[in-house]
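Listed next as structure tokens: two forms of one protein chain, kept apart as structure 1 and structure 2.
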Structure 1
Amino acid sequence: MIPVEEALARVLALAMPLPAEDVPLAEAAGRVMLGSAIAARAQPPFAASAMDGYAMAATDARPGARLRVVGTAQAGARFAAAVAPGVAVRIFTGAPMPQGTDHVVIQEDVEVSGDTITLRAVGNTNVRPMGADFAAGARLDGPRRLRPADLALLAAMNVPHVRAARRPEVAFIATGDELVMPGATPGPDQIVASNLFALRAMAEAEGARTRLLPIARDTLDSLDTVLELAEGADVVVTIGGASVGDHDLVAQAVRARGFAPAFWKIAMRPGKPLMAGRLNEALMLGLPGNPVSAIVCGHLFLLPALRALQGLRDVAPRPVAARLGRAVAENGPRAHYMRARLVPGDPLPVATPFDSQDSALLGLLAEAGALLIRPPHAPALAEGAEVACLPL
């Protein structure tokens, strides 16, 4: 068995970044932008009014001043003439500041009489300077997964396309005679396939395209047939059948198709019987069949691999500090990822592990807010001790 950190390093060594492609900005949400985007213009591209009011020279902006209003400026329609001292222009939010003006008195501080205004009070300048948001030539650097705010910024920079990593394609194969798909009628010795759907959702949330392939039965012929359907995928994920039992045939089936192993078995629980390597052009992960084991391994290994395939850096899971909600016993020789409730606390959130950590219990995983990380041979800890947690 190898440590979790070494296993992750070996998985990431297999996850070479995928080729890049041009993506229209309207389709770039959630994509990983590579390189840098450069602003074609400043934002705002001119000094603009930040309020509805009256634009004037700062020297005229004093309580009691009377000014003649000579025109109007609004967003998309500037006042084209220069403004002389002693006059003002009616201006609306977002409009370019007229030449000769550098102060806006808000309309609430002005008394209007025909084409003349009297200033009752004078506050801030209420002007957004040219380039106050960003200058022409400003950069948004990648690699970065594009959030909604990033898309707005890129649009304001007048960037219509981004160079983004191709989305990785993941083929999922559940294995076992005991499985049926949701909606089918299980036989007396069968269960419904479940972890497949969590893993698929996790991969799609990380930017992948996914294929759910038919359940592979416990024969080499069935496994070979389904593996054939996975051709062309960037990542092949099998679920179950990666242990050493008489009916655990995944290793045999993939070796016959050219599988080059990177490791098998990790010093962790849940999830010890995890297999990884290269299946021809694809990265392959053979996950355990127990639901919690498979999903925990998905968080620790599949998601970092998908991030790396898309060109992201610093892709490893990021634990957070928490306080223990109850005492925990000394840990054994394998890292233990305990399902725990995570609630806000001051100064740290509080993580309380469930009494049962059975790797078949999906109900507890659905209630869990984090995985409480217990390193190998960690000592017993009292309630309130600081621990590391991986939020779910």
Structure 2
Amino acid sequence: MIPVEEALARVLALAMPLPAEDVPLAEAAGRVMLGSAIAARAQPPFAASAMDGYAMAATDARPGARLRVVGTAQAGARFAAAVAPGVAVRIFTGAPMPQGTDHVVIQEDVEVSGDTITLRAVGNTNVRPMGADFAAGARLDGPRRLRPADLALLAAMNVPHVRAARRPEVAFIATGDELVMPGATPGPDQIVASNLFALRAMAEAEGARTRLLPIARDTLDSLDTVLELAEGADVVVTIGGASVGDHDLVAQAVRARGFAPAFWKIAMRPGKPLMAGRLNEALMLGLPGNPVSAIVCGHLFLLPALRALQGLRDVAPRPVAARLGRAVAENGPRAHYMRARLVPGDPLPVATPFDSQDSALLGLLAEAGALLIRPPHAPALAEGAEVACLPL
């Protein structure tokens, strides 16, 4: 048995970063930017008013001063002439500061009479210096998963395209004579394929495109036919194969396609041997068929692999702290990922593991907000103890 961390390292060693491609900014949300984006210009590109008011020379900004208003500066339409001492320009937020001015008195502090203003107060400068946000040539560095604020920043930098890792394409193959797709009428011995829908949604949320392939039956022919449909995918994920011994048929089928499967027995619950390797150009993962085991393995191995394929570093799942909602017993030699209810708490959320940790129970998994991590040989803990959780 190898620890979870070692299994993850082995999976990541198989995940070769995908090539970069040009992505229009409007389609770049959630993509992993590679390299650096460079600001084409400073922001603001000129000293700009931060308020609606009146621009003037700072030397004129004295309470009681009277100034003649000689024009207007709007965002997008500057006041083109130079401004002499003793006069002011009506100015709006974002407008370039007219030449000769370096102070804005906000409109609330001004009394207007015809084309003359009298300053009641002068306040702050209210000027945003050129480049206050960023200078020309400023960089946003990758690898970086682009969040909404990043898109706004890149737009302001006038970066219309970014270099981003190609989205990994993941082919999902559920295997087993016992499976039918939702909407079909299962025979008396059959059940409905379920976990591939969860794994697919998880992969897509991580930036992947997915192929939901037909269910492979428990014959080499059927598996081979479906594996052929997976060609060209960056990641091939098989689920199950346990009806004839763990992965036995799946391993035979991929071996016939040039793959040397590696199995690792991982010191974790729920979980089983994970099959992994490279199938020609693809990373291949063979997940257990038990629904909860497959989904937990998806969180621990598939999602980090998808992050690594997209060029991200620091791809391991990130636990958050919580307090135990009930006592837990000492743990055995395998890391236990307990399904737990997670409710807000002050200051830490409260994680309460379910009574049943049967890895077949999807109903409980759907109610679970987190996987409570119990490291190997962790001691018994009382209610209220601090624990680490993976939010689901």
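Please note that residue numbering is based on structure 1, beginning with 1 at the start of its sequence. If you're wondering where the values come from, they're calculated on a predicted model, not measured in any experiment. Heads up, when I say rigid core I mean the largest set of C-alphas that superpose within 1.5 Å between the two forms.
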Legend entry - Form predicted in complex with a further copy of the same chain - which displayed structure it is: 2
Legend entry - Core superposition between the two structures, C-alpha change of residue 264 at least 2 Å: yes
